[in-house]
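A single chain comes next, written as structure tokens; it is the form predicted alone.
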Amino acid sequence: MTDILAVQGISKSFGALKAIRNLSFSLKSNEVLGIAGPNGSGKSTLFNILTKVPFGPDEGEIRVAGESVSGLGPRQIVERGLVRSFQTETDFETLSVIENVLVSMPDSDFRSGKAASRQRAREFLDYVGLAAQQDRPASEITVYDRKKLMIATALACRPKVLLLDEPAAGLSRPEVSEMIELIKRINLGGISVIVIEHIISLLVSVSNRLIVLNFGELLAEGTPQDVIRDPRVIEAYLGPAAAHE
């Protein structure tokens, strides 16, 4: 498999705080990469840097499908196929569910007229299981449905790489299981995925490969089963005593 995303030597500091330190990794085409790490390890900062929402790296290079996006703005990065979700729901509460998808779709989707564009938006909603709620205000649907709506709006941007930031946070166990199946289905549809999540069972279920960050640096990388057994990872999460039990 070829690299759909290549990250080389990126760093980000906020004053004396080094949030990301000389981090390099890659994502293969059609791969799901899981990212884990304790709170404050730099996971969401990494997504911010990759998409320049709201800031880019201080140094380093990011390539999507072989093309450098380091000098591009957020909108141009989305157009190149690197699209993210957020930890908290980012829908427009006063708009309907389908209107949230419509505002995310590229201009080319509207060239065939209003009816065709709405049909395309309904297809994205149907994909995540929200077609029946298309006319409801986004503010009236459940937390789980708002997470699915956020994914639908991201898919409407036609990503090559989809970055999911804690998609299962706050969900019940059955909802987590459904989210796992949705991520797998997105990946099977040809989209490479990077998932940040504290729910390790989700990462193990969906990821081909797992990396762990700690203090903005790469702590461990490998198959999910190997990484979660790594003493360095156990120590980072639970402390030195747990790593030696």
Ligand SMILES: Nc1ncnc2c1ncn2[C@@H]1O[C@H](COP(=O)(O)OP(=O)(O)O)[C@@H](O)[C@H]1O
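Quantities reported herein were computed from a predicted structural model and do not represent experimental measurements. One-based numbering along the sequence shown.
From this point on, the text means the form predicted together with the ligand, which you will not see here.
- Partner proximity in the predicted complex, defined as non-hydrogen atoms within 4.5 angstroms of the ligand, places exactly one of 185-193, 42-50, 61-69, 172-180 at the interface: 42-50.
- The three marked residues, 92, 106 and 115, fail to reach the ligand in the predicted complex, with no heavy atom of any inside 4.5 Å.
- Proximity of residue 133 to the ligand in the predicted complex: non-hydrogen atoms within 4.5 Å are absent; the residue sits far from the partner.
- For the chain shown alone, residue 19 is a contact residue for the ligand in the predicted complex, at least one non-hydrogen atom being within 4.5 angstroms.
- Looking at residue 87, you'd find a heavy atom of it within 4.5 angstroms of the ligand in the predicted complex.
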